[in-house]
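Next up is one chain by itself, shown in structure tokens, the form predicted alone.
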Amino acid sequence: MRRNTFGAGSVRQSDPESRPDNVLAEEADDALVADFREKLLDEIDLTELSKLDLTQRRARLERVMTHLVASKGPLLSSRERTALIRRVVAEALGLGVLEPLLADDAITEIMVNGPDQIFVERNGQVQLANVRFVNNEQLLQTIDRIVSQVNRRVDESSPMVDARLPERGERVNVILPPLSLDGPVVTIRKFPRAFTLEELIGNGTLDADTARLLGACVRAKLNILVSGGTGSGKTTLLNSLSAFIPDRERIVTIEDAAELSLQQNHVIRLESRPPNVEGKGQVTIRDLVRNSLRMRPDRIVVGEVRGGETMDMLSAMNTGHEGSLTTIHANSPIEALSRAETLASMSDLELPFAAVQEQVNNAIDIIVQLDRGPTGSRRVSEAVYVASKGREPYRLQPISVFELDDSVGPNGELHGRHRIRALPLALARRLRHTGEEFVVNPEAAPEESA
């Protein structure tokens, strides 16, 4: 058993006994893995193997490894034999020790801090994984395998790179020394599976009345901005809200990395492209937003605005593309408006502050704020209607608020309930005009406190 030399501190330590079978590979001994990797290379015909697709290659290598372990391996339990075979095949074909972590559906983020320290976010909690690279060279080989598959390069002269895993599509960020003082650092963001609103209601992200209200706003073609911090579930909620878009509409989605999974028939998916190794060929989110306006969209859904494309998105919302949705990094609804204003001013259009504020006021109708709790749970903390118009100071009216009570769960989880507020007259009128009369379920509606 490998001894772990890293203290967990406030980070939870993974329990090997509770791990699913798809992470057994971490238990294989490094020396034994290296030995059988050499044996495997001696046994296989690389030319023949290159003619097979990935699934066939994996099946072929697993058959060869099973034979090698049975004929030349030490006495191993069934569990140890399975772990050894998976680890060797993973290093031969994929990303080595990272493969079982990528296969674990409970893991949403993998953080490699040098060869000896790998953290994962599992079920909303950061844990120190019971796995490591053999040495720095093996980690660099894995990094090279990641970036070479997407025609990128990372070295001392270009020590930062963003990439995607070609098969799975996970986002990868790599930063090397001398920028990283503690060795190569790799961060892999796995795409969350698509949740329905019913599932989000079930796990407490929002309540049924708030979901019905937001659904009515989507169908009524209000422009919605989903706001929250990193890892708060913005993309998950955006994807769920998109289910309310009528199937007859033409939808263009624009993302840095394709995470959205819309189920309508008429969906055009666009994805930005980073520059190649020569620094050419980049296609930005802003390029795609501008191009999408020529594609006759009924709605534009942008995964996240983070730069000058914000002005183009606001302009689209103001010029006949109502019902668009996007997300933004911000910690409150009022901060979301201020950040949108700041990002819009980064465009090459030199507009006065009042003109940019007018664009923001007239474009955004609803802001949905997401928070992440101390236990990793995600929750809609409030939804607000942007009541200000034109060049007025920003004015927000809450339409749904999560109100905390005084109780705290055993793991620090916060308790409370969502409460629907009286709808602003302008919002209620707009919903009625589009046939979306909203009435709070009297059985679910909480009594107003005296």
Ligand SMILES: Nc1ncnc2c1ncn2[C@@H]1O[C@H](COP(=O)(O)OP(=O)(O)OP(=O)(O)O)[C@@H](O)[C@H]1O
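Residue numbers here begin at 1 and follow the sequence given. As the structure is a computational prediction, the values presented were derived from the model and not from experiment.
Keep in mind that the form predicted in complex with this ligand is missing from the display, and what follows is about it.
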Query raised in the report: Counting only non-hydrogen atoms, which stretch in 250 to 258, 228 to 236, 109 to 117, 287 to 295 is within 4.5 Å of this ligand in the model of the complex?
Result: 228 to 236
**Report entry** Proximity of residue 136 to this ligand in the model of the complex, heavy atoms at 4.5 Å
**Finding:** no
**Report entry** Partner proximity in the model of the complex: residue 200 to this ligand, non-hydrogen atom cutoff 4.5 Å
**Finding:** yes
**Report entry** Contact flag, residue 324 vs this ligand in the model of the complex, heavy atom cut 4.5 Å
**Finding:** no
Query raised in the report: Is residue 87 close enough to this ligand in the model of the complex to count, meaning some heavy atom within 4.5 Å?
Result: no
**Report entry** Answer option from 223, 205, 142, 361, heavy atom within 4.5 Å of this ligand in the model of the complex
**Finding:** 205
Report summary line: this ligand in the model of the complex has a heavy atom of only one listed residue within 4.5 Å, and of 80, 99, 304, 170 that residue is 304
**Report entry** Sequence-ordered residues of 367 to 387 touching this ligand in the model of the complex, heavy atom within 4.5 Å
**Finding:** 378
